[in-house]
Structures are given as structure tokens and as C-alpha cells.
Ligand SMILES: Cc1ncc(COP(=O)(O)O)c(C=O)c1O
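This document opens with one chain alone, in C-alpha cells, the form predicted alone.
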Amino acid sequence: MPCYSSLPALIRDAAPRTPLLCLSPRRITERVRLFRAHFPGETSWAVKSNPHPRVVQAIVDAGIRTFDVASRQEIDLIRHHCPSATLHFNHPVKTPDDIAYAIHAAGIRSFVIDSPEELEKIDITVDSMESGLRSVITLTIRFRSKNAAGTGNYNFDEKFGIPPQEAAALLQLAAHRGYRTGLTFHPGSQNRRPESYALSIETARDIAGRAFPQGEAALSHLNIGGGFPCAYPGGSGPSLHCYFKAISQAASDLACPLVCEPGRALVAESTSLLTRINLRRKDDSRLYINDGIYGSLMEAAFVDFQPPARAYSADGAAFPEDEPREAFQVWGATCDSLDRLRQPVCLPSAIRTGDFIEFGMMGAYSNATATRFNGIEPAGLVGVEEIAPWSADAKHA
């Protein structure tokens, strides 16, 4: 993988004609260290947030050894980069073939379920293999938390999770059938209320208390999901330390191990997307770039936050700080009129065709969701030693 000292150096040396995701592995190391130093339990990582092999390797190099996987492909990816990793198959709905593959070929012993029907699928698969297997498999019940407080664009409780009373019954059923058991919830992506984690931990205690005389002490673990927010423009909120503090206080006397599984929070700030302006119309506030919602910017079409942006001239020079600015509508590379950013972007008024826009905090759900619509190839990935920091109050018009 090519590596450059900075994005200006990349522009000067390579003059890229296609979009590039610019990865700084050091940023991943910093985020992993933050979680491992302050989260009161084990930090896992949700592979879905960025399955690029170089990103996975950076996560492994930073010390992560536990992973949330949701498919056979993600299982194989992690087994390749970290053969000794502990994998949790946390997709609540799995095919029988993938269950069998996970248990037999990949040695996975941890699964999330949220229905008796999924339990039956696992039963059938396990019973077809070897006796005594149930006693070493953990089934983690996903419950619906009324305290989730993520962005309104991602309602995680709409698709998965069951009410607390049903979760207690499913816990009992799984334990009765000989499995180890756990509980999990998802607090919502870009969660902006640290106290919602604490409230959901208390809900988990109540569920375990209904299911078992010894309460949460009977659980293999409590997985509090991800949802830890990144500071996108316009979405400022409490610092991560506020979340760690709220969780630590709520779990101070918890009688089972605690696990979290951030995705975005570990990788978003590691990567910038470098795009080139294909066209600025004369006397117009529209810009057409060489990436878009069918590529690295898919998420920007659906969510209420947008990545920060800054501009460089065609030779890699930054525009002066006092350069007049204006709001531009940014359009993507395809011929589809849906291919546009929802919000205008504030950029130097002098920006023109051939200049570059850097979109920051693009390490999550960028290459992971990119398509080849219109025959346009997704952005490549290059290494950069340093990504210039983004102000927490970066502005969009």
C-alpha cells in the first residue's frame, strides 16, 4: 500500500484522478488505546464498520483480539488476520449453513439470538454435530432497550431485539436446553446520552433477575453494543470519557463480565476521503466530484450528520484561512440525480475544477458500502502518516 506523509504531499506527488481513502493506522491505535484504558471490560470490534484488510490489520496491530462478525466472509477475514481471535457471531438471524460453518470450521462458540425460532435453528445444527457441544456454546439474548438514544436515522430496535419480559423467557429456555447465556442490547448509533447505557445495564440486571435466582451472576457476559459517538459537525455532545464514567458507575458491582463492540468509534477518525472536483459551473454554487453516495459517501444520503470538509488547490496547497467562503451543493460522480450530499458544504469561493476536497472522519461505512454503479470503481486506499486534526466545531453551511 502506498504511503504519503500527508494529503497535500499525496496531491503534489500523485495528482490522483480517482477518489482515495487515506488511512492513518496511528489514529486507530490511539482509539483502541483509549477504549482499552477506560472501558471497564473487554473491547471488541464490529467488523462491518470497515472490512478493508489494511484496516483489519491495523485493528489487530493495535491489540484487539475479540470481534463481532455477521457473515462467513467476515469470519474468514478475521481468521486470516488473527487466527487466535475470539469471534462472536452477533447477527440475530443466520442461515443454517453459516451456523454450521461458524461452529465446525471456525470454532465459534458465541451467538446472538432474539427469537425461539433462531434457537431452534441452532439446536438442529448443534445436535447434528457432536454430543456435549451445547455446554460450551453461549447464546446471547438481544433485548430491546427503550433507553436507546442514537441518531433517528438508525433505529436498531426496529429490526432486532425483544422486550425484556420475552428476553427473560428466552434466557430461561436457552439455559434449560444446556447452553451458556448472555444478554446484549444496542444503544443506537451516534448515541448522545451516556446515561442511556446505564439505564440499559439496569434493564439487563432486571431481565437476568427474572430469569435466574442468581441474577446476572448466571450470565456469561453482558454486551452493551457500540453506539459511541464521533464528533461530526453539528453533532457535538459529551466526550467519550462521559460514557466510560456512566458505564463504569452502572457496572461497578456487576456480577458478570462486560463487553462493548464499537465499530465507528475505533475507525472513523482514521481515514479521510480525497475527492477531485470534476466540474464547477461558471458563476454557480454546484460542484461535481469523482465520488458520491453510490461510493464512499453512501451514509451521507441517509443520516443527519455529514463529514467535515476542507479544500486544496490542484497543486496540493491549502486555501488561505481568510479566503472568502460560500455554501456549495456537492453532486456525486454518477448520472443519478439522487447522487448528492443532503447538506451544503462550506468551501472557499475560489474553488474550481481540478481542485480537491478532503472529507474527514470517513473510516467507517465508506468502502464497506461502496458500489460500482455506472461502472465507477470504488475509491482505492492509500496510507498517510498524518491526517490534520478536525475542529470539533467544523462548520457546514
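This structure is a prediction, so every number in the text was calculated from the model and none was measured. Numbers follow the displayed sequence, beginning with 1.
If you look for the form predicted in complex with the ligand, you will not find it shown, but the lines that follow are about it.
- Annotation: in the predicted complex, residues T271, D291 and G363 none come within 4.5 Å of the ligand through any heavy atom.
- Contact between R36 and the ligand in the predicted complex is not found at the 4.5 Å heavy atom cutoff.
- Shown alone here, Y243 lies farther than 4.5 Å from the ligand in the predicted complex, counting heavy atoms only.
- A residue is said to contact a partner when one of its heavy atoms sits within 4.5 Å of a partner heavy atom; R264 meets this definition for the ligand in the predicted complex.
- Though the partner is left out of this view, R65 does not reach within 4.5 Å of the ligand in the predicted complex, counting heavy atoms only.
- Only one of the listed residues (S296, T140, S200, Q190) places a non-hydrogen atom within 4.5 angstroms of the ligand in the predicted complex, and that residue is Q190.
- This chain is displayed alone, yet in the predicted complex one of R26, R340, K48, R54 has a heavy atom within 4.5 Å of the ligand; that residue is K48.
- Only one segment in the set 246-254, 220-228, 307-315, 119-127 has any non-hydrogen atom within 4.5 angstroms of the ligand in the predicted complex, and it is 220-228.
- Residue N90 is the only one in 87-107 with at least one heavy atom within 4.5 Å of the ligand in the predicted complex.
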